[in-house]
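Quick setup: the structure tokens below cover two forms of a single protein chain, split into structure 1 and structure 2.
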Structure 1
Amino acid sequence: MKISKEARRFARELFTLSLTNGRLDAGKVSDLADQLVAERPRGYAQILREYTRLARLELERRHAIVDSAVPLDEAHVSSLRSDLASKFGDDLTIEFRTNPALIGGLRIQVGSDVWDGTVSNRLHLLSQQL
């Protein structure tokens, strides 16, 4: 279902009100969503859907997933943590996962940005070029 311009604008305003010092405040999100449901303005379902989408995207932007073929040692983990924190901020949460199918290298995803330096990705790119 297509969202109206008014609903999108109102959802963006709510999202802006949900920020504290440029970061999403869970308490404000909960309070604003509860208030929206209680008041039920015209198109509140569209507004709520867009508002939750914006909040979800912001949360994903603050979460990193690091995939590697083998478990990383503590030196690599701390180095990656400091590098990602300097680039994306100290409040970034980082999840380390092991995926043997990658063969080697790292795949880092922060929000919708993906850096793929894995051997399996390189092999896949090579097979497409042949």
Structure 2
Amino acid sequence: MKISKEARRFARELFTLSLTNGRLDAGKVSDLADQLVAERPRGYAQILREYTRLARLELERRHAIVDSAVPLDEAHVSSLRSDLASKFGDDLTIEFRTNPALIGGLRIQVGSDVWDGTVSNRLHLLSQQL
């Protein structure tokens, strides 16, 4: 659905206001959303939709997905958590998933960035070299 320029600009301003030290602040987000719904400015539905999208994208940027072929044991999980937290900050949410198709190794995705050290990826790269 098309969003007007004004709504997009307004949503961006709200998004900037909901950041504390460059990180999304949950308290501020809910306060701003409540205020927006209460005041109902022109095109508030569009603004809210765009604001939600921006917030979701920001949350995805702060979300890590760890894929492995077999479930990881506690020691691995905790060392991964501490490593990722030291690299990306404490507020990073981490999701662990299992995918046997990876054969072995780990695939870590944080936002749009992917580190793929899986056996299936290496085999794919090798097949491309041939």
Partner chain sequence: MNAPSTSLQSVCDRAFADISEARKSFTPRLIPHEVGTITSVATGIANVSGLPGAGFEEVLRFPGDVYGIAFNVDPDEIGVVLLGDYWQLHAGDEVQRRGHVMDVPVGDELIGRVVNPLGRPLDGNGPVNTSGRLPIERPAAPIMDRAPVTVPLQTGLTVIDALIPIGLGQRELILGDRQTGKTAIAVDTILNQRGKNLLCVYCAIGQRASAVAKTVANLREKGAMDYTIVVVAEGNDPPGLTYIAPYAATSIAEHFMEAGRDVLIVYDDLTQHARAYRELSLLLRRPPGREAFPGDIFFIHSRLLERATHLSDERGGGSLTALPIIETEAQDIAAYIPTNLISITDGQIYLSPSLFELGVLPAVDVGKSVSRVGGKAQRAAYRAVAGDLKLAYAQFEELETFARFGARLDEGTRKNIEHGRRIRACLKQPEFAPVSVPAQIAVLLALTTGLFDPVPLDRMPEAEHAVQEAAANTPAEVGARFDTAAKLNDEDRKTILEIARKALAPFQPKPEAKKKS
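Treat the numbers as computed from the prediction; the structure is a model and nothing was measured. The first residue in the sequence of structure 1 is number 1, and each one after it adds one.
Colleague: Determine, for this pair of isolated chain forms, which one is the form predicted together with its partner chain.
Modeller: Comparing the pair, one sees that structure 2 is the form predicted together with its partner chain and the remaining one is not.
Colleague: Treating the motion between structures 1 and 2 as two rigid parts rotating, tell me which of Arg62, Arg42, Glu95, Asp34 is at the hinge.
Modeller: In this comparison, the hinge residue comes out as Arg62.
Colleague: Comparing the forms between structures 1 and 2, say how many degrees the smaller rigid part turns relative to the larger part.
Modeller: From C-alpha superpositions, the smaller part turns by 23 degrees.
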